[in-house]
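Just the one chain here, the form predicted alone, laid out as structure tokens.
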Amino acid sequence: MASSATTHRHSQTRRESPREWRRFKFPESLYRWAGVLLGLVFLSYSIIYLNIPLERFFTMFGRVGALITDRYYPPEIDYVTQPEYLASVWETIQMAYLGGMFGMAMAIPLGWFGSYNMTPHRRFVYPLARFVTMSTRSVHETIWAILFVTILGFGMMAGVLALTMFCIGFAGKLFAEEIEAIDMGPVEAIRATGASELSVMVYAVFPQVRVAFTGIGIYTWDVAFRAATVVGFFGAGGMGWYLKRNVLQIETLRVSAILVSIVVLVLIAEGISAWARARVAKAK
């Protein structure tokens, strides 16, 4: 009893003691400064190779302000309050919701198979799940939208599938990382009883990742909603279709009104997702 109390006191003292500062010594200091130097050299080389005139950067803001004042102000707010445009806003919300839900439904088993500690087979299933996750994540949602519009034609179906593929890669990686960080003690205890892998998932894994999965799901929908406002520009329907039409018709006042409506909707979605993530965090 006394030994355990002494051990607890020593561990608490060790935990509360401040970290000791030490100077980088050779060769750590050499590696550190060499890395900084290489980064600066590559930055300078990129600016010179890409022929980026830095002097124009400081005069850019004045020209941008003059352009917005002359062509995009005041925004035509009456246009974004018409029933047809409001219907496209509702379609965009539905497209983001369906894409996020379908993507997360497929990302959960991918996260299970792609976690090294819980995958059914580390030699075949694990690399295959990781490959699928990385493949869907490496392609931008706009490229997915162009691909599905080419195959299926214009419409919401192409947008939903593009957002689904985007969410599979986005959420699948986060799900796998959360599963890999769980405590394996409950997993081994459930397996010792002869339970199936589904029972292990339900009773040992899910209670540990429940809060994290909920937060990831909320964040995935938030990102999917922002992407949904863009994929419509490439023929997937929603608000993006109205944006593309007015850009091509050079209706700059309507374009500015659509951009303002997108910013407002994204801010509202960000507020809702932040509130939901805060509620989820309190559940821990």
Partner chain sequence: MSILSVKDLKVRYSASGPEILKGVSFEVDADDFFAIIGPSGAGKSTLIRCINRLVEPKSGEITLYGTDVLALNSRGLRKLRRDVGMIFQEFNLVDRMSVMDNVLSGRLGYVGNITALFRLFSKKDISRALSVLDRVGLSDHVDKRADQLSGGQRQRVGIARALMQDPKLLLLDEPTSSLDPKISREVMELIVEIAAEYKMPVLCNIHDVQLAMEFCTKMIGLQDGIKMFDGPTAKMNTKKLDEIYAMEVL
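These numbers come from a predicted model, not from an experiment. Positions refer to the first chain, counted from 1.
Keep in mind that the form predicted together with its partner chain is missing from the display, and what follows is about it.
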Q: Look up in the predicted complex whether A189 has a non-hydrogen atom within 4.5 angstroms of its partner chain, and give yes or no.
A: yes
Q: Using a 4.5 Å heavy atom cut-off, state whether S199 contacts its partner chain in the predicted complex.
A: yes
Q.
With a cut-off of 4.5 Å between heavy atoms, is V89 one of the residues that contacts its partner chain in the predicted complex?
A. no
**Q.** T214, heavy atom within 4.5 angstroms of its partner chain in the predicted complex
**A.** no
Q. Would its partner chain be touched by all three of G185, G194 and A204 in the predicted complex, meaning a heavy atom each within 4.5 Å?
A. yes
Q: Tell me, please, which stretch of 103-111, 73-81, 120-128, 206-214 lies within 4.5 angstroms of its partner chain in the predicted complex when heavy atoms are compared?
A: 206-214
